[in-house]
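Next up is one chain by itself, shown in structure tokens, the form predicted on its own.
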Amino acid sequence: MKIFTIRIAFFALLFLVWYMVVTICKIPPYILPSPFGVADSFYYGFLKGAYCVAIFSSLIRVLIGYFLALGLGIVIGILLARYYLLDITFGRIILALQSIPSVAWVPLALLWFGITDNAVIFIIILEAVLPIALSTKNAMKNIPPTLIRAAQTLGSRNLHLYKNVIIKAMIPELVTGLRLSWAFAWRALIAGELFISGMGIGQTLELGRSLADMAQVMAMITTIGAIGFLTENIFFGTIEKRVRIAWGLEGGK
């Protein structure tokens, strides 16, 4: 309760300073709107439904790309962990691709798929598949060999071994990979949406810039941060903590 109160007081002070700076310095709203201007943008945006449609459209795109990336990334990670030759060749390419920012893929995606949702989904997959592939590979390689030998001694083989031993041993590190993959997918979504037509958070952000509506720009930036925080830190963070407690890697309260 004390931490919650401190956070509320901090944000209240932050908004007060923001309001005073805008008011005293007489900053034009097209450069920096007041907190009330951003609040009005939120109110009318949700009242008219434009922001709701934008958020819904963005979530559909990111979920499609994210789950496709998960399926592809887990398969790639298992193959990299199982086959050494693949790991020292294709695995090196994956490590190199991780250093490429999502916005660098935009020209390629636009040329291949045009100004469509497919271009954004393609960018999301490229960004999200890398962390989950590497997490899956590391999760498999970090399984203690004694655990696998003990299971084999007890008669566990083939599918039974994967289902009841290997996959379960991978889950704690795999959950961390899911969380990291989501963070990459969310950033890639916004980068892609800035350059395509249609409705979405990125498009709404770009529309605010083109209309010099800084209140709308700030509203969308706030929305991006809020959704990213809720999903990455609260949703995935809670799942990760519960898994670690269940697997005995962290003490429960």
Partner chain sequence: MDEIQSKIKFVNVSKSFLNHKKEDRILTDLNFEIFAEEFVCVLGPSGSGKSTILGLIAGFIKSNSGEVLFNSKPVKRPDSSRALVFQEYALFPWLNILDNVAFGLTAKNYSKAKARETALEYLNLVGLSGYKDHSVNQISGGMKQRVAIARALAVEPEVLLMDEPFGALDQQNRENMQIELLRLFSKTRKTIVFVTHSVDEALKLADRILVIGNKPGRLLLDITVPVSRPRDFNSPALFSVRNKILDKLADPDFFIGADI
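All values reported here derive from a predicted model rather than from experimental measurement. Positions refer to the first chain, counted from 1.
What comes next is about the form predicted in complex with the partner chain, which does not appear here.
Taking 98, 152, 89, 116 one by one, only a single residue has any non-hydrogen atom within 4.5 Å of the partner chain in the predicted bound form, and it is 152. Screening 79, 178, 169, 110 for any heavy atom within 4.5 Å of the partner chain in the predicted bound form leaves a single hit, 169. Stretch-level contact analysis of 67-75, 141-149, 126-134, 102-110 against the partner chain in the predicted bound form, using heavy atoms and a 4.5 Å limit, identifies 141-149. For residue 183, no non-hydrogen atom is located within 4.5 Å of the partner chain in the predicted bound form, even though that partner is not displayed. In the predicted bound form, the partner chain lies farther than 4.5 Å from every heavy atom of residue 17. Contact annotation for residue 6: none of its heavy atoms lies within 4.5 Å of the partner chain in the predicted bound form. Although the partner is absent here, residue 165 lies within 4.5 Å of the partner chain in the predicted bound form, judged by heavy atoms. Residues 245, 246, 247 are the ones in 233-247 with at least one heavy atom within 4.5 Å of the partner chain in the predicted bound form, listed in sequence order.
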